[in-house]
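Read the single chain below, which is given as structure tokens and is the form predicted alone.
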């Protein structure tokens, strides 16, 4: 059984790469910039991080990031490095794990690039943390969507609607047959749209429609705030009959998120806004594979992964890798599977490549303008997305399917600018 914590990194440095890896190991465990009398061989054996693997990749002429030092005559070397730590040093603690694998490494002078690629954890973490309580199966059960993707959207405009205006929009979306709606990450509890008023108004229309049709739309209410606020807001949503809450991960941090997830009786829709500052430079920050493991283990049921041909800077290969990671078990006994959420400029054009790349429909496909901007109305927008996905799963050319489904035809023409 694995008893050490392992982390993989991409590094760039002007010094010998193994020496650079040893500096990383020392900085993040028992060492410092100078040898100390108390850092005995026995202490190092028990407590120090180890360099498990170094694989040189290539050399570049210029540093990726400013502030690095070293002998630049040989260029800047890139390598993959694996470090490990004894589990006993920090125990099964996610906050302290983050400090260990991603602490003071990024500002070390010998490095002109450093990126955390992946982490592997002893199964003691599986016992200590909840993991997703609902994930794919629970989300499908609550939405009633047993096949195909969960089709969703975002309240737009992001802010500006009051509680009743939000409820009116949700009534329209729910009446159009949508499966899932979420607050925008900017909408929480301002005086223009108080959380309690919004939750009450929205759940009134959702419950009324569910009573008439038997279909209950899942609405992810953004309850981001301080821990006690989030718990109170969760309880209100639960008591109103709601089936999902949403949290901005970078805003509340690991401990704040755990304060909610250990309390929660509802699926948690985890929003990654701010992800760009952790990842945009390829030689700095985190990979989504590593970062999302923290939140999945902490209890996130849905994880945003961007979308293909999105409005942001992330390329399609990265998006698909992020989504695949959410559906890849962390351990066999406790998989910690989260449902990937595709969003950002999604229309009827992306389902074929999304399905080919992911190989499953275990996802939430959230389209704003792709639904609400359909020339024939919101219901036509929902229908066109369902047909686009049906074509993707069947391996059918969407244009062929569009000859039998005019709403899909109109959506394809609009998305292509015709």
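Please read all numbers here as calculations on a predicted model, not as lab measurements. Numbering follows the first chain given and starts at 1.
Another form exists, predicted in complex with another copy of the chain; not displayed. Remarks below refer to it.
(request) Work out which of 329, 241, 91, 214 lies within 4.5 Å of another copy of the chain in the predicted bound form, going by heavy atoms. (result) Comparing distances to another copy of the chain in the predicted bound form, the residue within 4.5 Å is 91.
(request) Work out which of 82, 289, 250, 200 lies within 4.5 Å of another copy of the chain in the predicted bound form, going by heavy atoms. (result) Selected option: 250.
(message) If we define contact as a non-hydrogen atom of the residue within 4.5 angstroms of the partner, is residue 147 a contact of another copy of the chain in the predicted bound form?
(response) Although another copy of the chain is absent here, residue 147 would stay clear of it in the predicted bound form, with no heavy atoms inside 4.5 Å.
(message) residue 38 versus another copy of the chain, in the predicted bound form: is there a non-hydrogen atom within 4.5 Å?
(response) Yes, residue 38 is a contact residue.
(request) Classify residue 156 as contacting or not contacting another copy of the chain in the predicted bound form by the rule of any non-hydrogen atom within 4.5 angstroms, answering yes or no. (result) Judged by the heavy-atom cut-off of 4.5 Å, residue 156 is in contact with another copy of the chain in the predicted bound form.
(request) State yes or no: in the predicted bound form, is some non-hydrogen atom of residue 70 no more than 4.5 angstroms from a non-hydrogen atom of another copy of the chain? (result) Judged by the heavy-atom cut-off of 4.5 Å, residue 70 is well away from another copy of the chain in the predicted bound form.
(message) Is another copy of the chain in the predicted bound form close enough to 142, 410 and 414 that every residue in that trio has a heavy atom within 4.5 angstroms of it?
(response) Spot residues vs another copy of the chain: no contact at all.
(message) Just to confirm the contact call: exactly one of 118-126, 131-139, 305-313, 201-209 touches another copy of the chain in the predicted bound form at a 4.5 Å heavy atom cutoff, so which is it?
(response) Flagged stretch: 305-313.
(request) Would you mind checking 84-107 for residues with a heavy atom within 4.5 Å of another copy of the chain in the predicted bound form? (result) Result: 88, 89, 90, 91, 95, 96, 98, 99, 100, 102, 103, 104, 106, 107.
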